[in-house]
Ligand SMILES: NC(=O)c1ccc[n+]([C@@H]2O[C@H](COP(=O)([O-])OP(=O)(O)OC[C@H]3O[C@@H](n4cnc5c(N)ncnc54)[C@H](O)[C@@H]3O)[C@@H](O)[C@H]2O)c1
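The data below hold one chain only, encoded as structure tokens and taken in the form predicted on its own.
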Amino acid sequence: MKTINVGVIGMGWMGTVHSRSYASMRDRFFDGGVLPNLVMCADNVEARLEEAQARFGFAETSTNWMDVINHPDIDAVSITSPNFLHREMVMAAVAAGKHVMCEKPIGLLPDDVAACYKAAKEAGLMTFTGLNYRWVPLVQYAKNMIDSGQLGEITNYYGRFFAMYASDPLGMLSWRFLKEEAGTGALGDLMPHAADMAQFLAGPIKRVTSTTQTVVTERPLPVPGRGTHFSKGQPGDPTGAVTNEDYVGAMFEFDSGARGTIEISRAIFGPKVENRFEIYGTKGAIRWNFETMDELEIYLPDGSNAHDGFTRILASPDNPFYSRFQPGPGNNMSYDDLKVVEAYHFLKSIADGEQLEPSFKSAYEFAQVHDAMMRSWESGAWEDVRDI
């Protein structure tokens, strides 16, 4: 059993999720050959540090994130800070020889992602990206179905990530809505999951055409250190301008020749966290939605009219990772469970010296797609996915 000393930078919502995931690894992956030791966390809000130490047992805390980077005992760093800090923190961690997990996107813009990926690769460090929807047991099952040829040749892919956390105009103007702090908006927040899922399941994307829209243009100003991007202001509060996009739509051509579309929106009414895909092949089709993450619809016609339709299956211990959390079929898993699986694979990469995915390489691959989308916003035309 190998112990990896871990530091976490940023103790907002996602920092607590990462910390909880490392702590849960001792239970869920007790026999996995690697265990985390929570050494230090950093945040600029003292109250968050006190709470994190009480909840997760960090040995040390600091209001200076460089203390995590420079700590001689820390092997690996989780970066869960606002987007505008990601590149600086990743580069500092890489320079200090630390393995890095960073929430997506690992930089404000595609160029930043490329720089982080190439720096970590040159340093020979293990990296990981927060793309936890990959780890849903039924998504893993769908991936196995596609790779084994059960759907035949993939012809069409439809994906979307609709979330209404920004649908209320009273939602506070947090860093997520500011170009200078988040870079892009929905493109950097939701599209990484949607584009990564498309490439994970259906293969590399060759070219793209895309459009974008800002739906809510003004939001109440936030109080620093209080609340999250889910927090609300009050009518009459001072407001500021939203400087990035709420919606992105795109059409794709995959390297395989398959065609696809993806839509994402953070300001739509109705769906809560509808990260969804539909995949159609020459032998069958599958449909999945994160809001019902433990259900998968499968169409595999067998020539009988009695069976000619989609069949709903439920997650079970036969699916990857499921039995780590639930003993029998039909019991629900959670978002946080997926982050535990993610944390395990990050530390497993370090312990075994073998890079698992999704690493910064995966982040670079969807950053290439994002780059093509942004070029399409300017040109109004199809743009090739290319090296950055």
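Owing to the predicted nature of the structure, the values given are computational and were not obtained by experimental measurement. One rule holds for the numbers: they count along the sequence shown, beginning at 1.
In what follows, reference is made to the form predicted in complex with the ligand, a form of this protein that is not presented.
The three residues Ala42, Arg48 and Asn132 all sit with a heavy atom within 4.5 Å of the ligand in the predicted complex. Partner proximity in the predicted complex, defined as non-hydrogen atoms within 4.5 angstroms of the ligand, places exactly one of 294-302, 74-82, 134-142, 110-118 at the interface: 74-82.
For Met11, a non-hydrogen atom is located within 4.5 Å of the ligand in the predicted complex, even though that partner is not displayed. Among heavy atoms of Met89, some come within 4.5 Å of the ligand in the predicted complex. The shortest heavy atom separation between Arg207 and the ligand in the predicted complex exceeds 4.5 Å. The ligand in the predicted complex comes within 4.5 Å of a heavy atom belonging to Lys339. Of the residues Lys98, Arg219, Arg266, Arg176, just one reaches the ligand in the predicted complex with a heavy atom at 4.5 Å or closer; this is Arg176.
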